[in-house]
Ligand SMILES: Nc1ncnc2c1ncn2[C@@H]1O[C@H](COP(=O)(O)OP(=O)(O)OP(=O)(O)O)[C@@H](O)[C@H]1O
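Given next, in structure tokens, is a single chain: the form predicted alone.
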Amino acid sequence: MIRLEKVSKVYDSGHVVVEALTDIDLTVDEGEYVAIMGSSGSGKSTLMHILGCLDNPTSGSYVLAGYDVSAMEPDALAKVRCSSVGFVFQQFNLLPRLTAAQNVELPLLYSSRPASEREGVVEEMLSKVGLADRGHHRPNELSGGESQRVAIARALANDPAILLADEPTGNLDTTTEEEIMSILDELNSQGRTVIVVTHDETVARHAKRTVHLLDGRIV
């Protein structure tokens, strides 16, 4: 599903050069459940951005679901990102003026799915995360755990090849954290490829494999 070979990322402001990633080799098979761990400055956010097609590596190759995305132009990269990657963020990133159902529908609008299909997909995704009766509520009417469930439903809407979760429980209490991780566990048990970026060992223990980063390298 994912193959990175000798991937490096350098940020050059003209005054300061930062080597965020150096010679990263990583493969993730279809259906795997992988945690990426590292302290602040380890490069895990940069790696997440590359895995999620939010950024290109400076050098090296990245093949995602059969697409060589290493040097794609922004428009082409955005199309692959929309169809192949589902994102779950620490801050939920729900649009406050939209209902839960409308938030889940957003990726379907960008993929030009006809209206006749969108409603059914939204209902299915909300049911999958246990919120079938909360679709008409706006984010300020939802708890933190419910908001993250909506974010997961939105991430799944286009049936992506991978689900990429960035500190998905960082804003949640311990009980709600377990509820969210149980959903990710269940999605993986159903065959979904799940990658969790975290600094929390409790979260990482849910994964089947952990990749540790230090100073931009896999250790």
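The first residue of the shown sequence is 1; numbering continues from there. Just so we're clear, the structure is a prediction, and the values are computed from it rather than from any experiment.
Omitted from view is the form predicted together with this ligand, to which the following refers.
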Exercise. Looking at 39 to 47, 62 to 70, 23 to 31, 180 to 188, which one sits within 4.5 Å of this ligand in the model of the complex if you count heavy atoms only?
Worked result: 39 to 47
Exercise. Does at least one non-hydrogen atom of residue 206 fall within 4.5 angstroms of this ligand in the model of the complex?
Worked result: no
Seminar exercise, completed: In sequence order, the residues of 5 to 31 that place a heavy atom within 4.5 Å of this ligand in the model of the complex are 11, 18, 20
